[in-house]
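Single chain ahead, by itself, as structure tokens, in the form predicted alone.
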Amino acid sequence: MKSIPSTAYPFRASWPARIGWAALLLYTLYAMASLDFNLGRFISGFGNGALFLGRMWPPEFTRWQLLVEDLVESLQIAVLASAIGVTLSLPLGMLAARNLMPAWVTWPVRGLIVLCRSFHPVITAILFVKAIGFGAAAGIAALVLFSIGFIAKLFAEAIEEISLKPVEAIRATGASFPNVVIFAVMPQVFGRFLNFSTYQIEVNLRNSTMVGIVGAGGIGGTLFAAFQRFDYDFVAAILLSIIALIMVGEALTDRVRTLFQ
């Protein structure tokens, strides 16, 4: 009888794996019990959900001027934060790449990137609101930090995956480090950098609608105020406007990627 090679079972079971899955299952059950999450409670919430959705319909668009102003502000926050964040992330990604820089440079930069990525944008928005006051500036600062934590890490990982042969060839000519980056590194990673950057714009567009909830500008503040007033038909109008903004933003970023590829 012909033996089956071990590669035919890419997910072969082992006792450590079984113990790990069993521990994960037990902890999941424990977490559900401690958090009072159960199927009965989940099902009972459908009635309240249906009542809530009923109060949201039909959406109320009579205050469309306020919607447009807030959506434009959210768009401006997202674009400015993305532009600043991507611009700062590019040199940080270079400094964090272990195949271009020595360890004494990469480790502090990587620590900074991890620090920027440690907190949710809403948390950093609260800190900036306390520091510099209410308004769009706090939202932009929060999303810039978030962009650096996300994009700089991806930039560094993309650079670490490049082929070093062009880098060594350019260095052999006596070229300076900026020339090495421009002629050996960037041609290999430009497409990925573009994809990362356009995706970050989409992410910041979503996050710009959230930071306003804590007073950092954008449509989030108006949404939170409408919830507090139980103005649910206006809430529906705001949510639909946010969905439309996100869809338009994704269509535009997809178009940009298509043009440069």
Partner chain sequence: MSAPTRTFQRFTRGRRLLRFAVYLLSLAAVVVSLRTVAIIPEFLADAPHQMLDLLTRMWPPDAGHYAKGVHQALIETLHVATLGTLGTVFLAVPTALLATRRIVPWRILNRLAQLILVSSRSVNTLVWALLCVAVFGPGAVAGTVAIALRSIGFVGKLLSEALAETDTGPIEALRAIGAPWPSVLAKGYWPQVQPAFWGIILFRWDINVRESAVLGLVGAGGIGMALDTALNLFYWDRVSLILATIFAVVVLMELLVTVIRRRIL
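Throughout, rigid core stands for the largest set of C-alpha atoms superposing within 1.5 Å between the two forms. Positions refer to the first chain, counted from 1. Worth saying up front: this structure is predicted, and the values here are computed from it rather than measured.
One more form of this protein should be noted, the form predicted in complex with the partner chain, which is absent from this view; the next part is about it.
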Checking I126, A158, V180, M94 against the partner chain in the predicted complex, the residue with a non-hydrogen atom inside 4.5 angstroms turns out to be I126
None of L80, L88, I162, I170 but one has a heavy atom within 4.5 Å of the partner chain in the predicted complex; the exception is L80
Check for me: heavy atom within 4.5 Å of the partner chain in the predicted complex, for each of L71, V189 and F196, yes or no.
no
Inset, instruction - Decide whether I132 counts as a contact residue for the partner chain in the predicted complex under a heavy atom distance cut-off of 4.5 Å. - result: yes
Would P59 count as touching the partner chain in the predicted complex under a 4.5 Å heavy atom rule?
no
(request) Answer for W107 alone: is it within 4.5 Å of the partner chain in the predicted complex, judged on heavy atom distances? (result) no
In the predicted complex, is there a heavy atom of the partner chain that lies within 4.5 Å of any heavy atom of V122, even though the partner is absent here? yes
Within 222 to 251, the residues having any heavy atom within 4.5 Å of the partner chain in the predicted complex are L223, F224, F227, Y232, L239, I243, I246, M247
Worksheet item: Is L25 among the residues whose Cα moves by 2 Å or more between this form and the one not shown after superposition of the rigid core?
Response: yes
